[in-house]
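One chain comes next, on its own, written out as structure tokens in the form predicted alone.
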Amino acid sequence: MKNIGSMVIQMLKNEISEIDYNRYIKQLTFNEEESKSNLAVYNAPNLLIANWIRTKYADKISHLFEIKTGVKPAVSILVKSQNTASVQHSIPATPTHSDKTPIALLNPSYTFQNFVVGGSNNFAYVAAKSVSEKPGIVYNPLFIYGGVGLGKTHLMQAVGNVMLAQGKTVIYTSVEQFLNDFSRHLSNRTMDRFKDKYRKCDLLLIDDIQFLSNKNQIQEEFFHTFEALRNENKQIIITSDKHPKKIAGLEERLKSRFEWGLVADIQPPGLETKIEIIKKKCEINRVKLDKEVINYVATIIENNTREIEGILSKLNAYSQLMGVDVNIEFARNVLKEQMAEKRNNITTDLIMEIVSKELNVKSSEIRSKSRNSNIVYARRIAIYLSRNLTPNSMPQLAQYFGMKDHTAVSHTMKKINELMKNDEDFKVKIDELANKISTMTSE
């Protein structure tokens, strides 16, 4: 078991940035005595490193164990006991911290340089960059909202990393952590220490503010924290899954204050932005993928770009274990189960609905006899996707689309395949449509 624990860390080393490995992962030691087949225990030298690894890499470590052993264990990151001399010698000297010098648990890879900017997130990026240059002066508070995995936390922590480098005091917390901290200090009658921590920082980063809903006591405390910081021109950045006006169970005075600065949204990325994000993730994680594989991954991921790291990790791990390079056939084979789960219950009617919406052509027009070039284009795509994504035979499709017989469907398939072979952008567009259709069935 000990060898496996060490081998997993070596596998992880090949998938993450050198900075992450040297700063955090390298300091882990596998605890063979506490580990079991369904539990992998690692020791970290301090709470900071333990919390950071637990948040960022516990799932990935568990996945690598599954690849190596066939069993996916729970992963526990514990802090080494400092009661024995042997452990004392193994712990590097680390600076001490008090409640008055809080530690900011920021991801060092969340920087502006590592953030891929596209039309869907440019406004939020520019706003965050401006805040990092003039904290407390422009856009205070900065409120960033959008769906899961679109980069809200990345932008928020990018500002934090800039200010940390300037020697500023940064607090990053989720609403849940804020609530737990509040409850602990309240029960211990140490609220002065709580207020010192949150009201005397230079930058307060609050993730998932929507979870303040209907929590009246903590809303009251957060309101006073907000007021204290803003009165001192200290910067506040908040994220949420929705616009502040749409957060139910939130006091009106908080909603209005969240809009005092700037509210910026992040939309799901388009295909081109997804491709650039994958390229950047490959660069950071030292994963080599050719253009065809990158395009394929871009078409199968949904709006949540956090999927990317999991897919890259899976491809890279399988590639290393099998000793082969990742090409398009390999990628399709490794990810086929993931795609198969999405493609249940696909119907021709669903395909028609999505194609007509994406190409701005009515479904009735697609099934008509019209020879208009835009309608013919949409019809061919709908037929191609129906043939590949549904169990319908060519005669059945000919009947559905009002064609003479199956030879017309066969001709359409040949035409689309030729276009995909000669036009890479067209092929990527078809793949993206196929993924959207698959996603609709899994929601």
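Counting begins at 1, following the sequence as shown. None of the values given here were measured: they were computed from a predicted structure.
Beyond what is shown, the protein has a form predicted in complex with ligand ADP; the following relates to that form.
Of the heavy atoms in Thr299, none are within 4.5 Å of ligand ADP in the predicted bound form. Contact check for Asn316: no non-hydrogen atom falls within 4.5 Å of ligand ADP in the predicted bound form.
The shortest heavy atom separation between Leu150 and ligand ADP in the predicted bound form is within 4.5 Å. The closest non-hydrogen atom of Thr305 lies within 4.5 Å of ligand ADP in the predicted bound form.
This chain lacks the partner; the member of Gln320, Ser370, Ser363, Asn114 within 4.5 angstroms of ligand ADP in the predicted bound form by a non-hydrogen atom is Asn114.
Only one of the listed residues (Val75, Ala264, Ile277, Leu250) places a non-hydrogen atom within 4.5 angstroms of ligand ADP in the predicted bound form, and that residue is Ile277. Heavy atoms within 4.5 Å of ligand ADP in the predicted bound form map, among the stretches 173-181, 150-158, 291-299, 131-139, onto 150-158 alone. Compared with the form shown here, the Cα atoms of Tyr172 and Arg54 sit 3 Å or more farther apart in the predicted bound form. CA of Ser183 to CA of Arg54: farther apart by 3 Å or more in the predicted bound form than in the shown form.
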